[in-house]
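Next up: just one chain, as structure tokens, the form predicted alone.
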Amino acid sequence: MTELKWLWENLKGFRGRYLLCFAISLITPVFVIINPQLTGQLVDSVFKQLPDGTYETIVDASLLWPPILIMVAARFLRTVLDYSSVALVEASSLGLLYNLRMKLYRHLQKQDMNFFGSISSGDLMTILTSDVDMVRHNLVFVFRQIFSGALIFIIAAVYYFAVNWKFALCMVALTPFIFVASFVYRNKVKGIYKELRQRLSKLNSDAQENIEGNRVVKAFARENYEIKQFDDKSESFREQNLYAQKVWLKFYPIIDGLSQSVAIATILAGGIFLIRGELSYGELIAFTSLSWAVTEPFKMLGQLFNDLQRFFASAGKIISVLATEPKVQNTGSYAPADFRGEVEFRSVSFWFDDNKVLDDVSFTIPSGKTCAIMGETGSGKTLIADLLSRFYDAAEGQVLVDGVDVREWDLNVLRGHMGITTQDVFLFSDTVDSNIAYGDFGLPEEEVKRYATMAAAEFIDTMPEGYATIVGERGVGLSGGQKQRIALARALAVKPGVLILDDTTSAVDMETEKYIQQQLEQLDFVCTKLIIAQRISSVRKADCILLLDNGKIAERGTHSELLKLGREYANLWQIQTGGITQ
């Protein structure tokens, strides 16, 4: 099966230990036979049957000690082997767990925006936690139980047939019925656990989304509504769990009843064979002691099948994620020693599904110059920045940096020359210093402070521990403007050849914005700037301004040239400034 083949491939490096565990499992069941067999011999040596059918009790210590010592040694050796088997399987499973999580995490780091737009973060967290744990659980417990249970049953059955084949037939006559009931149950629950896993994923997604958006929830006093939504998903998950258990409880009495019937058959048939003289007391005691070896594996089949279905659901989800290849591939190798930062969009078009977001967009930004992009929400402004950073690839046309198509660049080299501040500012739950130096952890502290000053982030000095202050998850506790300024300092700290500012100063006051613009004009390194903004005050000094409308460039030129056109840009200027000309 695909899932089992995949599991074996991912056990690479730990297969030897896992196989050794199963090799030990081949030996251990033999010891299951030894103690009942010796117990039977002891009973038969103590109770000697006479020709007239009566029994004589014989107590001879010389006959008792050897079997007893062998039984103690067998028990001790079995315990040692069981311990070794558990140690081996735990070591191999923990190795698999680590490798699988790292493989998944590395794979996620290589994915593009298309992937993260198609799967929820809650679903990904479910894959990285519960799905991986379920795979390990099956590796450690389920597979071993199936293997050892089957071996114990086979060895016990062989022993029964070797001693008394008639009695053995009575013992195993019911086992085919247990097999049939178990496999009917397996087919019944096959799809139930896939649905259960989906509902767990939705539950996790809802929880994560609401924890991240708790400020919005509180701002609109929607706590009760969100509690109700979470309760609905929790109830849905509970109902599916109950349904799975109800299906199991319908089959459990059948499977358990048949298993118990084997024990009953042992007593009834054993009594009959004993009365008829076809079994000795010792053989009956040995058979009775071994009856669990026949019944127990079948009693566990239902739970094992439950866990197996969970395994297939979880493994299938992991496999599907690992099989998803990013549309943006790092296949380029262009990595020049110098980076000029010339940017060109050449007849670029892009679709999201059937929605055309950019339509034949062309423009050039010479090295060291500034280009500003304006337009209504959804006009494609941020997408231009995403295409330049190769978060997406153009559907038509070319995006070029220094005259070379971005698809021919080594992706890490290309992005290493870019500093980006995004619309939705993201800060890590770490120190302010680490957030600013994220692109270069070797950045000296004085440099961190210099770039913070350039980004008008002097407020950092007033924080409880200054630059060593831990910012909350996603920067909780900071204002929008404060987060924007830390993000700008982070982008500047890598001394980018291309600086992309996406609504970077939308949450700061006019005076702070003016200061930041002055700092950007005085950078001590050559930097091409792409500014995306809604306020004309943020773009008026740009060397070129593009006004997008429905994915097309409707107007282009400098601030003064666009005012002279008297079209949409001039209208925006009129609205935002009240007609003041300066």
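Position 1 is the first residue in the sequence shown; the rest follow in order. Because the structure is predicted, anything quoted here is derived from the model rather than measured.
What comes next is about the form predicted in complex with a small molecule, which does not appear here.
From the list 69-77, 283-291, 319-327, 380-388, the contact stretch for the small molecule in the predicted complex under a 4.5 Å heavy atom rule is 380-388. Proximity of F352, V357 and Q534 to the small molecule in the predicted complex is complete: all three residues have a non-hydrogen atom within 4.5 angstroms. Mapping the unseen interface onto this chain, F167 falls outside it, with no heavy atom inside 4.5 Å of the small molecule in the predicted complex. Not displayed here, the small molecule is kept clear of E447 by more than 4.5 Å at the level of heavy atoms in the predicted complex. Residue contact check for E195: none of its heavy atoms lie within 4.5 Å of the small molecule in the predicted complex. Not displayed here, the small molecule is approached by Q423 to within 4.5 Å at the level of heavy atoms in the predicted complex.
A heavy atom within 4.5 Å of the small molecule in the predicted complex is found for exactly one of F237, Y185, Y392, Y467: Y392. This chain appears without its partner; in the predicted complex, the one residue of D256, D405, E376, E223 with a heavy atom within 4.5 Å of the small molecule is E376.
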